[in-house]
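Next comes just one chain, in structure tokens: the form predicted alone.
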Amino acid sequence: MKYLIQTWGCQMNDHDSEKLAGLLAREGFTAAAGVEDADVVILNTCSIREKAVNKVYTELGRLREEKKRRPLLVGVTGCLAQQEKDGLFRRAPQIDFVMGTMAIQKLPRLVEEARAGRTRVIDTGDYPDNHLFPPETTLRHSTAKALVTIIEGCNHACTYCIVPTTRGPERHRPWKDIVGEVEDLVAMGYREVELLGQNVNSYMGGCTFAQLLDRVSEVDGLEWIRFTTSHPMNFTAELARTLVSNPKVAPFLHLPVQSGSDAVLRRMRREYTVEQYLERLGYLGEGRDRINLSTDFIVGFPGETEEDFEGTLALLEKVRYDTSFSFIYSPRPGTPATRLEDDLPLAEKSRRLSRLQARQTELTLESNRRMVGRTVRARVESRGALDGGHWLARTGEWKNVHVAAAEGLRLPFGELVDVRVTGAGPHFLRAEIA
């Protein structure tokens, strides 16, 4: 039997797909080259925005046609499965099994029941120990960086967010288990890890998140630690000190603000004001200059006025983020924000988003241009030269680098190399081997 896993969403979903692949491999399944070669297709889904959900249903439509031609099992896992549960069968009867985010270790049983002919197999139950998934079962993608879950779920209650519903309350892995997994990953050849959670800096698995970073950094052979994602209310002065002082913690911080308006932040129930957010950024002190700072913005949240939006632009100018991810508000079924009046025309939301993104592109270009002429360390993330002869690499600041190398020269995949930055665009740096 061959399987194919298609993944939408964040790094947590990517890592969940690695876990799913490991469970299937343990049962004797092998990876398929594509849909046409697969006996089981699993759609590991995201539901944080409507666009991601629509992509899943589009793919389910293609799989419906594939099932008309030959036997094929189709499963839906992840956040959309947890949110919609058995409603998925009504909308897409071609689905054979549905598995929620907490039931991940039940995958072999669900597949076996579907193979045996049982219809509408489902498990979206609560398994509060799912964060204790055995890491040795994980079948990791061939990437330069390893993903490590440290916390599952979220205890915040943002009015627009479906994550507390789909991922449940916070569950924390013991810090010794995390350090042990990182030690094993380094022994496998990984030199960089990314610690994952819906809110990593609320970690309480026997120590604070800052202490966890310090303990992970003590693993011999580990070069860089990254983490995602953070809530401003849990960003502490202790964590800021670790970020700017520990050389193994990559100089990159993603701290979502969502809006530059206190009125909008209150309706979002983000638990902080703009002033309090800026106060937390201030914890970085002089170290802010070497930290690549990223954020999230939601545009067109219900009730957002032009003045509110101008506040967001003002915040962008004040902080001058190196990069940001911005989206038009997407109502998610069952969230409190759907009860708010949303009378702003889509055309106006799109106009605001375009203004925000255009200015961010300018700021990102400025940030990238400041690196021209510098020699920096970057991790090689491609196994060969791509079209145009360049290799892909990434700096500690999470900047993409297109590295020019002499024909025939092979760069070491997953290793750090010194590169001299020769040029910059809004999306990547150009460099040559130093």
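Note that the structure is predicted; figures quoted are calculated from it, not measured. For every residue, the number given is its place in the sequence shown, counted from 1.
If you look for the form predicted together with a small molecule, you will not find it shown, but the lines that follow are about it.
Contact annotation: of the candidates Ser217, Ser294, Thr229, Thr208, the single residue with a non-hydrogen atom within 4.5 angstroms of the small molecule in the predicted bound form is Thr229. When the small molecule is considered in the predicted bound form, only one residue from Arg267, Arg332, Arg171, Lys145 comes within 4.5 Å through any heavy atom, namely Arg332. Heavy atoms within 4.5 Å of the small molecule in the predicted bound form belong, among the stretches 250 to 258, 342 to 350, 313 to 321, 130 to 138, to residues of 250 to 258. Put simply, Tyr277 is far from the small molecule in the predicted bound form: not one heavy atom of it is within 4.5 Å. Among residues of the shown chain, Tyr190 is not one whose heavy atoms approach the small molecule to within 4.5 Å in the predicted bound form. For the chain shown alone, Ile48 is a contact residue for the small molecule in the predicted bound form, at least one non-hydrogen atom being within 4.5 angstroms. The small molecule in the predicted bound form is approached by Tyr160, whose closest heavy atom lies within 4.5 angstroms of it.
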